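A lone chain, given as structure tokens: the form predicted alone.
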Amino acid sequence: MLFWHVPAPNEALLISGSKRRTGDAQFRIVTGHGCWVMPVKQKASVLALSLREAEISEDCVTQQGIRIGVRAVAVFKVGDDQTSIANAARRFLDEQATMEELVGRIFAGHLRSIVGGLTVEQIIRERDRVAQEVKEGSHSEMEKLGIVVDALQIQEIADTSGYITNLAAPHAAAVASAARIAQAKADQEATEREQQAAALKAEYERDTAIKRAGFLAETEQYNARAAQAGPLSQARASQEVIEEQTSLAQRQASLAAQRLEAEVRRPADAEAYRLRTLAEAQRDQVRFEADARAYTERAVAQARADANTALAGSLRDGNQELIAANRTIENLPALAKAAAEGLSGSRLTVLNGTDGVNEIASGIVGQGLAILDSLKAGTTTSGSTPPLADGAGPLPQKVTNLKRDDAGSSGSS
């Protein structure tokens, strides 16, 4: 509405011409709500209550006489109470745009006063103290202006003479040295760690390469074994077959040898042994027969000579027994021949060889000679009847025994 005015939350509505007043002011202050303003009779003005900022840049001289440049900033506003609004309205209503400059000048004067009583080191180290003293020094003036200072902060201290730079040089050098040392240590540690990391990386790569080579070797080995498994199995199977065939051939050869031994060699050896035995027996028989005949001939010749001697003696003495014996002696060669033939024709086995045959032959001839010796003895000792010249009469006892023995021996052979 045209006559209804409502101030903003950060504004104060000042109405003059009204009978109503606020405190000792000649105008009415309205904040936070609207009010009627009568045209022509009343006038409404607006005072901003928002926050304002004043920058302060002032050259100051410290207690030591060193010129420094201080740059600060002050944050202020018009107070919210009726008194502050009234004071600010009286002083800045038409100059609200230059309020920051005016306030800044006030703060600059107090700042020069405060800095002049401090040293550079105190200003640098105690900035809050400087700001607080500036605020306290300007408090009464700000109160009269209706301004409330929210904050005052010193932002920069410039040193045109180089005092601050020189003051900070040792510390800067120490800090720079410490920084370089720290940087060197950091670089050293970084280098050592990089070297350790590189060594670990190389070790890891070496172990990885070794493991990879081992795995590759195992893989190739397994592949080679897998590739050789088939031929190796076939070779083993062939070897087993060859061994079995070899064993079978050996067994067959052994069987053939045993069969040859049983069927050929042993019969052949037996036959050869038989033939050799027969040949040796034949040879021994021929030899025995020859020896028997020779011995018989010698014995017969000796007997014949003895018989002839005896016969001549008997003829000379007229002994009949000797005559009969002579007959026997005369038949003795035929008897020995018959005995030799009997020995040669018989299948007599002589165990003691030539000595056995000689014993047999000598036995036969010996018997004949025994007969002759008995006859000789009978002619001289016995008183029996001598045998006749033609051989008639009883035979001597020895001749009888000879016939009986001859018959027995023929039967046994």
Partner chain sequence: MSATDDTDFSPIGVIGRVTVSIPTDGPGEVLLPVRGGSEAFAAWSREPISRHTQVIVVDHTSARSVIVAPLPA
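None of these values were measured; they are calculated from a predicted model. Residue numbers count along the first chain shown, from 1.
Just so it is clear, the following notes concern the form predicted together with the partner chain, a form of the same protein that is not shown.
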Query raised in the report: Contact between Ile68 and the partner chain in the model of the complex at 4.5 Å, heavy atoms?
Result: no
**Report entry** Touches the partner chain in the model of the complex: Glu143 (any heavy atom, 4.5 Å)
**Finding:** yes
Query raised in the report: in the model of the complex, does Gln82 have a heavy atom within 4.5 Å of the partner chain?
Result: yes
Query raised in the report: With the partner left out of view, is Arg304 within 4.5 angstroms of the partner chain in the model of the complex by any non-hydrogen atom?
Result: no
Report task. Report the stretch among 202-210, 74-82, 256-264, 168-176 that approaches the partner chain in the model of the complex to within 4.5 Å, counting heavy atoms only. Result -> 74-82
**Report entry** Partner-contacting position among Ala89, Val120, Ala299, Ala131 - heavy atom within 4.5 Å of the partner chain in the model of the complex
**Finding:** Ala131
Report summary line: The one residue among Arg287, His139, Arg112, Arg293 placing a heavy atom within 4.5 Å of the partner chain in the model of the complex is His139
Query raised in the report: Mind listing which residues of 147-163 have a heavy atom within 4.5 Å of the partner chain in the model of the complex?
Result: Val148, Val149
